[in-house]
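One chain follows as structure tokens, the form predicted alone.
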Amino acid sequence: MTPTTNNVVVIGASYAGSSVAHIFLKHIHPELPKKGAKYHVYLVNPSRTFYHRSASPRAAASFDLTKNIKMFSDLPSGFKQYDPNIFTFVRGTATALDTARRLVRVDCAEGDELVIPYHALVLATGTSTYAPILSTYQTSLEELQRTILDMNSRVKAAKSIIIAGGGPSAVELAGEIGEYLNGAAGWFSQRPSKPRAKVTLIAGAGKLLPILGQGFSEWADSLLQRVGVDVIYSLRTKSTEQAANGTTLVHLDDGTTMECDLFVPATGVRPNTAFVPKTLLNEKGYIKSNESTLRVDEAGPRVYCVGDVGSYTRGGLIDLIEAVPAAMTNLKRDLLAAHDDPDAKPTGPDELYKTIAEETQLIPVGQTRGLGAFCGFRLPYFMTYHFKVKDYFDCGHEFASGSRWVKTRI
């Protein structure tokens, strides 16, 4: 009798999805029973290129500034280390999810439609930004490169730039563009001596970096001033339009209008969940995931959610590195329990993920300075520089190749 094949389908191949696939192939598949059902991993992603999105603010200012950072990695190459009989990379976009029949429909890049049945499913589609330069959800390396080079040329030509947003990406983007165009203030100055462009950051809240305290907001403001960036607080962008002279008119919620050569929206993200049934989404469109086990309980057995697309997280790599092993431990437990009986549930306690509630962020503000908070404490400058400012972690290739997960607690 031919053994059945249990498909483990992973939708999304950025930091979260790639991690899930590598951990399964490295640490879970070898420990599954050798008799009975076989297992096959399908990794679905619109692009075969892994984009190190964390470093996108620096790339947006000038790609030349990222020469010490590996921005792109080829995803299929990172999985050649595994038996091709148990792994398939599918370049395509998930368009429908049927949890009753346990099927995922995928529109493949070649134009075909593929319907994949799943025994286990991991949703890791992440989020998209309003500014394409900051988003991982691209379809090809060529598209990514065009997006970056187009932004670079517009930044270089601009005499006035407005960035909307007050979160980490907006602060990082403003800092990188500000220092690239204006340089940094000297030892006894608060602002650059010969700025080339007027760079303005419009924050909708009364402070920068919402999850950090007021002191960190003031610190970020002072660092932005050092690279020639002005911050306007408590104003939001209502709309934009192109003026007859080619500039952009930015209409604000107080009734005023500002004009600039380049406008960049960095005000938030949208979850990539168009294919997910509405019953599995919260009011903001994120996947409703169990905050402790990271299962999607309403989707049926062996369905999980990891990364920014989940309702359980505030996002970020630091959080992801904690969440993925917890989810994968529970996946392993569920698969072992269901190996002979698909309705069986594991015995004993689950691995419980705990949200990082304390203030923890590392924020580069230009190529030479930044601010850091770890569990509510202010990090000294040299630690922030070492861990992120110098190269934005430069870890994308580690996630794409799986080297980040050679050792894990699974």
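The numbering used is simple: start at 1 and walk along the sequence shown. A quick note: this is a predicted structure, and the numbers were derived from the prediction, not measured.
Keep in mind that the form predicted together with a small molecule is missing from the display, and what follows is about it.
Stretch 38-46 is the answer when you ask which of 25-33, 340-348, 38-46, 369-377 has residues with heavy atoms within 4.5 Å of the small molecule in the predicted complex. Out of the listed residues 127, 248, 293, 329, 127 is the one that sits within 4.5 Å of the small molecule in the predicted complex by at least one heavy atom.
Interface residue among 301, 316, 132, 265, judged by heavy atoms within 4.5 Å of the small molecule in the predicted complex: 316. Using a 4.5 angstroms heavy atom cutoff to the small molecule in the predicted complex, all of 93, 307 and 388 count as contacting. Contact between residue 289 and the small molecule in the predicted complex is not found at the 4.5 Å heavy atom cutoff. Contact check for residue 320: a heavy atom falls within 4.5 Å of the small molecule in the predicted complex.
The closest heavy atom approach of residue 384 to the small molecule in the predicted complex falls outside 4.5 Å.
Heavy atoms of residue 20 never reach within 4.5 Å of the small molecule in the predicted complex, leaving it off the interface.
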